[in-house]
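Presented as structure tokens, the chain that follows is alone, the form predicted on its own.
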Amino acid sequence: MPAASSAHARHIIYLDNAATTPLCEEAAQAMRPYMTPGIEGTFGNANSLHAIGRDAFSALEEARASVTRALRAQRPDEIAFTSGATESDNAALIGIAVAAREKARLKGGLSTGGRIAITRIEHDAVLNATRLLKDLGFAIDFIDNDRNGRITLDTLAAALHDDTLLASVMTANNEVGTVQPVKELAACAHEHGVLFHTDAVQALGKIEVDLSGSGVDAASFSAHKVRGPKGVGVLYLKAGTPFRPYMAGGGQERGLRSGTQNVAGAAGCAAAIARAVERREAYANVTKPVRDYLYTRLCELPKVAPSVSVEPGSDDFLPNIVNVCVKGCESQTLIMQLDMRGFCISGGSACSSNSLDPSHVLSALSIPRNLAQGSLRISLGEDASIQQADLFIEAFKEVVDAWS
């Protein structure tokens, strides 16, 4: 038998919910029929024509309809299930860019390779997709942000050109929590004839997500950030948005994403998203006071500086993320020392947490390299409390004092 995890041998306080979240009971229950051996009608391929396949197809479409309602999309065929946010981001950027360029060239309105505008504080799933876009002949322009990571209509407009086809701005940043005015930014892009995508992974369940009302052309989501299963995501494509399929194969998901669908994952994803949307206000009411308390208490310490300026009660930042820099310290060592004391946090995005380089997000915020190397991200869950925060602060002081 595999050895038990060290986390099972001691009490832990999990403060890394922006990295992943524990599976909720609603998602587990929704998935169980499709993961239990020997239950007739629950294991079928959703593309098979026999009764068992049709049962699987029905379950998949029920999940799609549930996600459509929760995210306030207009119609279920605007929702495609993917393997996660990384695939959704890549598919949106590459699929829309290529299709939009083809459409523009057919109309005779594009003589260049086309341009894509993104921010410097995007998730790596967006930033690194630009390497493929460059290989495909697209030019990449960066949208400037302010010291708190905020994108304005002026900075977006300044990054758009006559041959810009697509802009991508994340709804809320995964490291520092900055919330963007997506509805206004999408409208600005459309005024310039530019399509608009948003990575809304961290926003879901923390702030309101209204796809129809926001006016975006595409959006990406991930189940495991809202207590759903890992390896499942959602790509929203507004009806009529040009798109070249990113995955080639049998044409599943109405030709948007080939590959046999993960019915169990889709069911769990839908249940988790519905739960997160239903509990959004309660979640914010629990986490926001703890966020503010942590910022206040931590930044009273002589070596600690906030990465962004978050006013108490502010809705300009996610209610669950705290990001600070510890002067003269190195984040990986701090994380490991806190882990030994039973606290799980990160130094930024868990997707690139093995890197020793400072976060690209903090670099884009003009935080000096030596300070950014001591960054810590505390991301709160549904069980957040002041007591939890006090225990963390006590352990944090011990670790920082021992460093001196």
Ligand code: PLP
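The first residue of the shown sequence is 1; numbering continues from there. Everything numeric in this text was worked out from a predicted model, so none of it was measured.
In what follows, reference is made to the form predicted together with pyridoxal-5'-phosphate (PLP), a form of this protein that is not presented.
**Message:** Please identify, from 311-319, 268-276, 169-177, 246-254, the stretch that has a heavy atom within 4.5 Å of pyridoxal-5'-phosphate (PLP) in the predicted bound form.
**Reply:** Contact-bearing stretch, as computed: 169-177.
**Item:** Contact test in the predicted bound form: residue 114 vs pyridoxal-5'-phosphate (PLP), heavy atoms, 4.5 Å
**Value:** It does not: once pyridoxal-5'-phosphate (PLP) is placed as it appears in the predicted bound form, residue 114 has no heavy atom within 4.5 Å of it.
**Prompt:** Does residue 201 reach pyridoxal-5'-phosphate (PLP) in the predicted bound form if we count a contact as any heavy atom within 4.5 Å?
**Reply:** Heavy-atom contact with pyridoxal-5'-phosphate (PLP) at 4.5 Å: present for residue 201.
**Prompt:** Does residue 129 reach pyridoxal-5'-phosphate (PLP) in the predicted bound form, with heavy atoms at most 4.5 Å apart?
**Reply:** No.
**Prompt:** Given that the partner is absent here, does residue 123 sit within 4.5 Å of pyridoxal-5'-phosphate (PLP) in the predicted bound form, heavy atoms only?
**Reply:** Judged by the heavy-atom cut-off of 4.5 Å, residue 123 is in contact with pyridoxal-5'-phosphate (PLP) in the predicted bound form.
**Asked** From the list 291, 206, 101, 225, which entry has a heavy atom within 4.5 Å of pyridoxal-5'-phosphate (PLP) in the predicted bound form?
**Response** That would be 225.
**Among the candidates 164, 86, 262, 152, the residue which, in the predicted bound form, approaches pyridoxal-5'-phosphate (PLP) to within 4.5 Å (heavy atoms)** = Residue within 4.5 Å of the partner: 86.
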